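One chain comes next, on its own, written out as structure tokens in the form predicted alone.
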């Protein structure tokens, strides 16, 4: 895991350091004075306390000084917050979609990815949506965190100033697969990013070698989070050798036996709650309006080939 601070993250760290510094100074001041008074005016020295009814200067000081300190900390925090609200012109726009339990990203040219790939030193604007329930995009190294809410578009931006791979999480509990909703933010040199975006061979830091379209979709659309291709079921049934087999499903509360064919796979993608394999929870989000016809066909062919 890399925790290097980049871009706007420096401002966030500075705000925390200022607040922590002020709190430390106040802590030492209060504890120091208390310790001094306890030692200086201890009972064994025979000191008799005076009956004080007020001190206008002291009362004014401990009212005004804390207010000024709080306002200073607020102002410092506001500077960082305000900077995050103003997206620079010409920022690269990336669409991020959260669903149980995977992130998917789409670029301005329509290129999909299961990882957040960005260029070094260039402002990036991420617009977030959710296909099912609330998720939260969090990249610790960038000090970036924003919720993805169904039916509501949220925006966050950052500038990454150091190449490398950084961890990307969901920090809003979203069900049994929440801990598996992990991805990577990959920062490339501008030239390498341009090549990756265009899909050319120059992209050195791009993800592993090109795979068949169906396999790419299976990963980028989050299918691999719930389904395996090695025979071991996860949240959903394994897809290894499933094509052509008969399984028991629950349809409108009644069990029946069906054959896994192209129609069943298509129906399971578009309306997954219609026929749910017995023994598995009906939690798959519908892909109607999400998957294109050619993507559905590619996934069907990929599943058919999982012998």
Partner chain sequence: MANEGAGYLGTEGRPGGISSWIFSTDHKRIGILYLVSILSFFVVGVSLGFLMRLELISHGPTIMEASTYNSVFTLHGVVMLFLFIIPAAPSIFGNFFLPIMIGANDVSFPRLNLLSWWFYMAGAALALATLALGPADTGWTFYAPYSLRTGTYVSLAVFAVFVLGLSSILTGINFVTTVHRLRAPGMGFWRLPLFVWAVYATAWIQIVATPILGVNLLLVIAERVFGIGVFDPAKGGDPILYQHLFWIYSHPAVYIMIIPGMGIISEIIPVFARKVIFGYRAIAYSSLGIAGVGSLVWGHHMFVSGSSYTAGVIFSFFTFLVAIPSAIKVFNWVGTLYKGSIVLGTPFLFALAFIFLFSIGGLTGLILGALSINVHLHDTYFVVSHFHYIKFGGAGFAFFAGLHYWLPKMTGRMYNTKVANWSCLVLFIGFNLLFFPMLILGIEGMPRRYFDYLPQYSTLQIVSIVGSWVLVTGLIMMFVNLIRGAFRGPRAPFNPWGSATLEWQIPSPPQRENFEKIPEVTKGPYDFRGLR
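Between two forms, the rigid core is the largest collection of C-alphas that superpose within 1.5 Å. Computed from a predicted model, the values in this text were never measured in an experiment. Residue numbers count along the first chain shown, from 1.
FYI, the form predicted in complex with its partner chain isn't displayed, but the following is about it.
Enquirer: Does its partner chain get within 4.5 angstroms of any non-hydrogen atom of residue 278 in the predicted complex?
Expert: Although its partner chain is absent here, residue 278 would stay clear of it in the predicted complex, with no heavy atoms inside 4.5 Å.
Enquirer: Could you confirm whether residue 70 comes within 4.5 Å of its partner chain in the predicted complex, counting heavy atoms only?
Expert: Taking the distances in the predicted complex, the answer for residue 70 is yes, it comes within 4.5 Å of its partner chain.
Enquirer: Determine whether any heavy atom of residue 108 comes within 4.5 Å of a heavy atom of its partner chain in the predicted complex, and answer yes or no.
Expert: Taking the distances in the predicted complex, the answer for residue 108 is no, it never comes within 4.5 Å of its partner chain.
Enquirer: Check residue 253 for me: does it contact its partner chain in the predicted complex (non-hydrogen atoms, 4.5 angstroms)?
Expert: Taking the distances in the predicted complex, the answer for residue 253 is no, it never comes within 4.5 Å of its partner chain.
Enquirer: Partner absent here, but in the predicted complex, which of 188-196, 111-119, 214-222, 144-152 has residues with a heavy atom within 4.5 Å of its partner chain?
Expert: Among the candidates, contact is made by 144-152.
Enquirer: Across 15-35, which residues bring a heavy atom to within 4.5 Å of its partner chain in the predicted complex?
Expert: The stretch 15-35, when checked against its partner chain in the predicted complex, contributes 15, 16, 19, 20, 23, 26, 27, 30, 31, 33, 34 at the 4.5 Å heavy-atom cut-off.
Enquirer: Using a superposition on the rigid core, decide whether the Cα position of residue 61 changes by 2 angstroms or more between the shown form and the other one.
Expert: Yes, shifts by 2 Å or more.
Enquirer: When the two forms are laid on each other by their rigid core, does residue 283 show a Cα shift of 2 Å or more between the shown form and the other one?
Expert: Moves: yes, 2 Å or greater.
Enquirer: Taking the rigid core as the reference frame, tell me whether residue 270 has a CA displacement of 2 angstroms or more between the shown form and the other one.
Expert: Not so; residue 270 is displaced by less than 2 Å.
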